[in-house]
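First, one chain by itself in structure tokens, the form predicted alone.
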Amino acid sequence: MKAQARNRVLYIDLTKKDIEIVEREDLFDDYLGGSGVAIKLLDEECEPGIDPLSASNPIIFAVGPLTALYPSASKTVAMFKSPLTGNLGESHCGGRSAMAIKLAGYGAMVIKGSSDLPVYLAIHGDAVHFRDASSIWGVEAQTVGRILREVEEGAGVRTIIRIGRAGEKLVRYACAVCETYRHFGRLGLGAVMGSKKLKAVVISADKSVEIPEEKRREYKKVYDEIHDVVVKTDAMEKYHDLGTSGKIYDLNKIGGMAYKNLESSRAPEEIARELSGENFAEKLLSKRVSCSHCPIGCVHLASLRELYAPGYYFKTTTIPYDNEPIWATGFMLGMKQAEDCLRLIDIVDKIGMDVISTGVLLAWATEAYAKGVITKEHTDGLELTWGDVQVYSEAINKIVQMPNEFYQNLAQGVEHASRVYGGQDYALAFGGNEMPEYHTGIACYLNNLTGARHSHLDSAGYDIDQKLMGKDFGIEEVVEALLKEEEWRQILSSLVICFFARKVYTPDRIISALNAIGIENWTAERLEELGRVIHRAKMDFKFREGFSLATLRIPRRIFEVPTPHGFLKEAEMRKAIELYGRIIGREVELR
């Protein structure tokens, strides 16, 4: 195996069926990798004002300097212009994607143009093949993975990133599936791939990472220290035991979770227990799996055994579950059985849609149907009712089939659909992206409104809300805490570190880890400044593409249901947005 260079960028042109490999030390030396490099490449390659579903929209995949070298440095950053929000699209995924890209010899990949016929990319080290994908176009994402595992080399050191029918049909919140159980979930990467007629990307490794000889003893020492913190302390213990779903019951107990489209902030006790991480683990958990080079095993897989024909003919389906998928398919839709959540998660995964957006959209549609805003004529005969797993299953399929104008509008997200039909007061989207589960206070919603990705992981506002429970605090304190956290997460996502390991990778450990592989001259102050620079670059891209703090729509529903801190006030939320804009250099006038 040859040693790989972390500074190489692979440029792929789907229109010309051409590639180019370029050394980009200028980017990686200054921006590390991951999100930092990706936003610079996106700014270079994405022309202002383009249609996100045009050939001009690039897809960037980027990994970091710690990838394949340290525990839990296991994520890949995907960046693109989002067809859901019309501005920054950024999604992170684990599995084997980061390891495969790094050991194939690349720090980043840029996919441009559009194919005239369905195609998949087979990237085996320096060899890049454009394969005909006509025979697998229209095939569900899991089946595509099984097919490509048979026909492409690289088993064990390979990633297969693919889309389902939702991406092909340009559903704006379509995702890309990776290694069956992981996803580039939010903001529509699947639709961008579909618009390019790109069914899948297979990447296999053929190189190694060389540690400078004089650094090997130091590297082993730093590696062992990080590994011991990961596996021998409680820093990541909860992610192994119950996974992210371990927080569900307690969050519901404090009244911090949206239930039935935020009809209330907690589900009834019996439902909360049924849909809790503890119950999923006791009844349905079959095994745990890890992303490449991570010892935790936070990916929890359930086995669903169902009768499919008389005479004791059963099938057993393995389905991944996490905190947000359980919330989106369970709490948000009024489900009463854990198994029904798994049935919906499985359907969404096979079709290839973001499960959070799907759940929020169906919750809005259910309330709109109950209020008479939409009718059976719109729903193609479906009676949308809380907890009806069969009807929701049919509705999910209809979003992809698009039998009428209503489902075509649903395929563009809840922000768009509510503009067309009404019901915006309870259309729970923020900056165009459907909300996550949290109804914990002002920080979670300010995070959703102003974060670079409109993702709860931008600055973990829900966590700040919970830490402030029972305390007096000011809006300025909340805004400053959110910005500080989001800026630091730019460093974690540039390295690229799984956010679950954020307590492990302190500034001092990061500096030691970089030094031990020959990347020197980084200080805590320099890292902090780079985080600020990357964050502002992302915001600049958003503003360039039409994002405006002044015109952010805030659903009235969030002010009507109490949080653990009591009722939110719109005036305070607007004041917080104004303060946020002032700090980042974008003045906002209060309305």
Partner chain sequence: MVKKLAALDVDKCIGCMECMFACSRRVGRGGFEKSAIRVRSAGGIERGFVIIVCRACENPPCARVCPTGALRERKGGGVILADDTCIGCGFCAQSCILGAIFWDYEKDKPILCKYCGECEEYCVHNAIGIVELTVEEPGVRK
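Numbering follows the first chain given and starts at 1. This structure is a prediction, so every number in the text was calculated from the model and none was measured.
A second form of this protein, the form predicted together with its partner chain, is not displayed here; the remarks below concern that form.
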What I'd like checked is whether Arg146, His227 and Cys291 together line its partner chain in the predicted bound form, meaning each has a non-hydrogen atom within 4.5 Å of it.
yes
Partner-facing stretch of 95-103, 405-413, 127-135, 248-256, counted where any non-hydrogen atom is within 4.5 angstroms of its partner chain in the predicted bound form:
95-103
Which residue among Gly387, Gly297, Gly113, Gly432 has a heavy atom within 4.5 angstroms of its partner chain in the predicted bound form?
Gly297
Using a 4.5 Å cut on heavy atoms, which of His240, Arg509, Lys350, Lys260 is close to its partner chain in the predicted bound form?
His240
Does Gly311 reach its partner chain in the predicted bound form if we count a contact as any heavy atom within 4.5 Å?
no
Is it the case that Gln337, even though its partner is missing from this view, gets within 4.5 Å of its partner chain in the predicted bound form, heavy atoms only?
no
Glu140: touches its partner chain in the predicted bound form, heavy atom cutoff 4.5 angstroms
no
Using heavy atoms and a 4.5 Å limit, would one call Val202 a contact residue for its partner chain in the predicted bound form?
no
Which residues within 128-157 place at least one heavy atom within 4.5 Å of its partner chain in the predicted bound form?
Arg146, Arg149, Ala155, Gly156, Val157
